[in-house]
Every structure is written in structure tokens, then in C-alpha cells.
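One chain follows as C-alpha cells, the form predicted alone.
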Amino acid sequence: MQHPPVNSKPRSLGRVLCAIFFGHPQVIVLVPLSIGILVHAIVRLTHEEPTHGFTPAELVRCAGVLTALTMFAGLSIFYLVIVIMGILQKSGNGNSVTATRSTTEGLRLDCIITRKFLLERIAELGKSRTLIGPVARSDSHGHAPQHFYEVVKRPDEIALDFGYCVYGPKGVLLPARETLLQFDRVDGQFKARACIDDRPTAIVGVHPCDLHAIETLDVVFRDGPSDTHYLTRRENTFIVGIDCARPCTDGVFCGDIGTNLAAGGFDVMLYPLFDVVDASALRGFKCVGPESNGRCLGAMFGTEAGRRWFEGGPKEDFYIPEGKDIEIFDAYLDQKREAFPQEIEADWKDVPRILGRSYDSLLWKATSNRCYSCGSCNLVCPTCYCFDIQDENDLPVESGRRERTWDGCMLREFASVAGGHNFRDASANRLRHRILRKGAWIQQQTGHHGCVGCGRCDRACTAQISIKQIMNQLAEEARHAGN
């Protein structure tokens, strides 16, 4: 989705005027007063005795006074409007912790289960669906294992305690390469048939940030021209989320955005309550015993399908929370709020405004000098949804297929059009385009997050360009500019 260049001159002029009037209220008095003094001087130079009625000098004086009073009133109203808008904006923007707290108030556990129960239910799920979950993979250099979403055969292959996956689960719903249709020559004419993937699938182990990313993709491919291929996969995908009790790795800023908690987008959500709550608080807790080994999980149903999935499990490993259980869950949420530090030096609600005033910032050029335009950030981002479509033909042309592949706005040829023109040829323009989409444009168009704070783009960038650092530098520029 392309965005035309913004006319920067009116934007810059507007910012200058707002800065002058908002930062220097004495202008409201000085400008009309200067006009009054200038008019008075002109009148003194052209003074003449009246023969009858009003002289030209008196008319000029009257017009000058009226102009000065009108300007004084207009500037005062303009300044008052700016002040009121600033107050309303500040009062409407709570900090990220407050936003998270209001989100957690509606969360209630539906049941508490043991790990044994969960593994049994996952095994049952695998009988009717393709199981996909985070799997640990080590390299030959002795580095720490990394996790990737892969097809598994057994529940014990899924790393339920994984930190983060290099790629999000987006590739399950929107494959990096997929065939949309095939066509064949039949009786001298080409006949096309759609290739719809409706295989039942289950993704087990989706963190809250990726759940928010999936909700963004749902809106993009559902609203407006709907995408049958994506929506069919989505309808046939069962999602089991796993909450993060603490940041999954360094550099994430999901807590600032509020995407470290999810209230929807899943069939079942799991909470590792006992990985966080102090052991002293677990005395007398029903799920703590030699058999469970303190490894029970809280669960919340997002859909009726999720509820039915649990109903078939062994009842001895499943019970409805009450009393102490609810207190433990509340303690879990309290400790989770404290575990996510503030990483962005501005309230996330202010980020679209900060990005809006940053179009002409020198930061884009300075940062893009390090960019290789490799598109790694696009590949790992869970909310990037741009794609390219090409027809692949067999020779001789008797059959072929139409394929969709991921595309990325950081690639040099992304904005190339017919005639060889590239309207985003400079890497600075591509970087600005990507950051504005992540922090402002996608949210303005869909109402959902364009960035979920997972930090994957920062970790994947070979030039060590950080979206978090860019946001913080732009926030600093906004503070110095006084807006």
C-alpha cells in the first residue's frame, strides 16, 4: 500500500506558527500593539485639520484600532484553543502501565489445568489438525537454541516454555509463497481453478504480541476487498496462546504498547501462574502438590471451540478456579505489570503525532546511511502484509500458476513503477515510510497496531538499526521542538 509524499511546506509553516503562538504568548499582545503604533505614526505624519466630517488620518486611525483589536481577539482565541487541545490530549493519554491495568481488569480465568492435561489435549488436537508450535533449533556453532514455528508430530516436541520465535506465526496464515490459482489449456482455451488451502491447523504457543499482530492481519484481509485464501486459513486455524509473565527477551517494548496482554484473538489462552508468583503465596493452593509439582496453568476460553476442546479431557486434572486461585491470578497480573519496564520515552498514544511531525527530520538520512536495504526487518515483522503476484508459465504454455510472495517496502525495487521510475528510491525515504507505517498509518487505517513491540526487526537488522531507538530519538526531537 503506497502513500504519496506529503507536502512539507504547509506542514513546516503550520508547525512554526504553532510553536510561536504556543511557546511565546506575548506575541498575542506584541503583534496588535505593533500594528497600533505603526498606524499612529502614519496618522501623525499625515495629520491635517478637518474641514468637515472625518479626515483621512482619523479614518486610518479608526481602521488601525479595529484591526489591532480584531487581531488581538483572534490570536487570543487561537492561543486558547491550542491550550485547551493540549490539556485534553494530556488528560486522554495515560501511561502504559495504566493502559495495561485497565486491560487486565476484565481478565478472568475459566479453569486451571495441569501440564499433563494440556499435553493430553494437544495430542487429541493433533488427531484432527496439523500441529504447529515453537521448536528449538541449535546451530553448528554452539549458539543458544532459537525457536521457530514448525509442524510437529507429538506434543512434547513443542517448547511451551520458549522465549520468542525468530519468525512469528504469520507464515502459517499468510505463507511466504503460495499458489493462488492454476490454469491449463483445455480445448484451446485456458481454464483457471482456485487453490484454496482449507486444511485444519492448530498453532500452539502464540504470545500476546503475535495475537495482536494476527488481529491486525485479520482486519487487513477481511475488511475492504476480502482475501479468500487468508480468511479460509484463518477460519480453519485453532490458536492456543501462552502468556508472557515477563519480557521474553531484551529489547522488546510490548509493555509500552499494551500488546503484552491479549483479551482476544485466541481459542484458549494459557497463563504460567507458578513461574512468577512467590512460592510462599502458594500455601494451601489446590493445584500445588506432588503430582502437579506446581506446574499448573491458568486457562481462559476465547471461543466455544476452545471450551469444547477442554471438555473432553480428564476431569481430575481440570477444575474451576475459586477463592485462592483468583487471588493468585490477580497477583500474577500485578507482578507482570511490574516486570515490563518502559522502553519508549513517550506514551505510545503520542507516537502517531510524533511521527507526523517527523517527516522532514534529518534522522531519516542519518540512520539510513547504515541501511543495506536487505528487507530483513520486513521478513520478520509479524504485521508486514505487502505482497507481489506473478504468473509462472510452463513451456510450451499449456499450464501455469499464479503465485503470491511476500514483498518488503525496504527493498530498492519495491516502489518501482512502469517507465523505470522509483518514487521511493532513496533509502531514507524507504526507512521513513516503514517506520510511519508501523507507528501510525496502519493503526489509523485499521484501528489495530502496526507495531506490536516484539523487537524482531531490531534483532534481524545486520546494520543494528533499531525502531525503538528511532522512536526515542524522534520523541526527543519533539520535546525540544515544544510539541
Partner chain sequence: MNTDFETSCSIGLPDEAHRSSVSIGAKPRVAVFSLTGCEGCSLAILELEDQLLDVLGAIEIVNFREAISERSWDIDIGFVDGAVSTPDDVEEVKRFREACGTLVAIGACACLGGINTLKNHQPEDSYRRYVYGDRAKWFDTQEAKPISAFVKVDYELPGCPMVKEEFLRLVKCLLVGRPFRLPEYAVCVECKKRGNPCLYEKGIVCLGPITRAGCDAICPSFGSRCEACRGILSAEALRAAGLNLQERYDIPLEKVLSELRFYGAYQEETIS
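Positions refer to the first chain, counted from 1. Take the two forms, find the largest set of C-alpha atoms that superpose within 1.5 Å, and that set is the rigid core. Quick caveat: nothing in here was measured; it's all calculated off a predicted structure.
Omitted from view is the form predicted in complex with the partner chain, to which the following refers.
Peer 1: Let me know the one among Ile320, Leu362, Ile77, Leu395 whose heavy atoms come within 4.5 Å of the partner chain in the model of the complex, would you?
Peer 2: It is Leu395.
Peer 1: Have a look at Glu316, Asp161, Glu304, Asp139 for me and say which one sits with a heavy atom within 4.5 Å of the partner chain in the model of the complex.
Peer 2: Contact check passes for Asp139.
Peer 1: Out of the stretches listed (183-191, 109-117, 351-359, 153-161), which one is close to the partner chain in the model of the complex, meaning heavy atoms within 4.5 Å?
Peer 2: Of the stretches listed, the one contacting the partner is 183-191.
Peer 1: Verify the contact flag for Arg430: yes if a non-hydrogen atom of it lies within 4.5 Å of a non-hydrogen atom of the partner chain in the model of the complex, no if not.
Peer 2: Yes.
Peer 1: In the model of the complex, does Ser376 have a heavy atom within 4.5 Å of the partner chain?
Peer 2: So Ser376 counts as contacting the partner chain.
Peer 1: Determine whether any heavy atom of Asp391 comes within 4.5 Å of a heavy atom of the partner chain in the model of the complex, and answer yes or no.
Peer 2: Because a heavy atom of Asp391 falls inside 4.5 Å of the partner chain in the model of the complex, the answer is yes.
Peer 1: Taking heavy atoms only, is Lys468 within 4.5 angstroms of the partner chain in the model of the complex?
Peer 2: Result no; Lys468 lies far from the partner chain in the model of the complex.
Peer 1: Counting only non-hydrogen atoms and a 4.5 Å cut-off, give the residues of 150-180 close to the partner chain in the model of the complex.
Peer 2: In sequence order, Tyr164, Tyr167, Ala176, Arg177 come within 4.5 Å of the partner.
Peer 1: Would you say Pro396 moves its Cα by 2 Å or more between the shown form and the other one, aligning on the core?
Peer 2: Yes, Pro396 moves 2 Å or more.
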